[in-house]
Ligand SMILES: Nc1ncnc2c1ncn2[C@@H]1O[C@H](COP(=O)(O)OP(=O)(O)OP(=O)(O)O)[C@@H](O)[C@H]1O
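First, one chain by itself: the form predicted on its own, in structure tokens.
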Amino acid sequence: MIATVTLNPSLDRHVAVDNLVLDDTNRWVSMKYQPGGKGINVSRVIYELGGDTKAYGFVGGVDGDVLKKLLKGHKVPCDFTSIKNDIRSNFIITDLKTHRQTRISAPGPQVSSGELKKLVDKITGIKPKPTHIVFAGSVPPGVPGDIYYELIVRMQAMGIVTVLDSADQWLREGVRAKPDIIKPNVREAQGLLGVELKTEEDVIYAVKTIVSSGIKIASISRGREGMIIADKDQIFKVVPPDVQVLSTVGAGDSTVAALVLKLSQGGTLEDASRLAVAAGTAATLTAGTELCHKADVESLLPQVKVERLLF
């Protein structure tokens, strides 16, 4: 089983308008609610692709109740820790005329030390023990910035494969624990390493640098250009097919989910990276925060190009 932890979940509201006009009244064409948060998205995709998963994290308020109901509708198993304050709401506004998206994200609720302890106790006591655990997304106010470091250390002591997908200080603190797998995008990798990654050669060097630091598998996603991924023995350039993008929301989460799922099933790094890019690309074919569909992933999989590079 693959567990996911979302410390800062959200209820996402995806609003579509015909032509977004600033400083004026805009009427929406449609609005959809979706459960949000990177770890939750990972669990949704793992379930969609036929894997065994359970989502953990904080939940509170009316929006928290809606989130749980939506996950139940998606048939995604979850075991959340209740908090006093409301979870955050995020807004994704899509202009149907220009196909441009505007995202407005909230910082999240204040979480008490007691609420955090309950979650940590729950995670460290998961039964049956998961083979892999994914820590993903931002950290809400009240939670220490080094929380991912602490959780990764605990999980590794239990023999669980750890995956970290975050950014900024949460990524920098988390990698000190040497998680087994990380997947930053170019911007996040630049922040982690403190260097600009302007060329493909820069990205290749960055992936090698991360692996040499003690992390077993490192991948840097590059949007339409795919990803560079490596372990201590091999490195691959993985390129997606050209598709008509409807939304990039959740593409990175879909990539992480497929990568971890395939590796948990004993797949090779090459096979796992191919499925990961197919899933990430499939997510761009859906509107809003709908994530990828299994049929699209299977259709795109043969079109993904994988090239082994000199290490």
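So that there is no doubt, residue numbering starts at 1 and follows the sequence shown. The structure presented is a predicted model; accordingly, all values stated were derived computationally and were not measured.
Quick note: we don't show the form predicted in complex with this ligand, though the next part is all about it.
The partner is absent here, but in the model of the complex a heavy atom of Asn185, alone among Ser105, Asn185, Ser138, Thr131, sits within 4.5 Å of this ligand. Screening 23-31, 46-54, 275-283, 63-71 for residues having heavy atoms within 4.5 Å of this ligand in the model of the complex returns a single hit, 275-283. Each of Ser221, Met227 and Ala251 comes within 4.5 Å of this ligand in the model of the complex, counting any heavy atom. For the chain shown alone, Pro240 is a contact residue for this ligand in the model of the complex, at least one non-hydrogen atom being within 4.5 angstroms. Using a 4.5 Å cutoff between non-hydrogen atoms, Lys38 counts as a contact of this ligand in the model of the complex.
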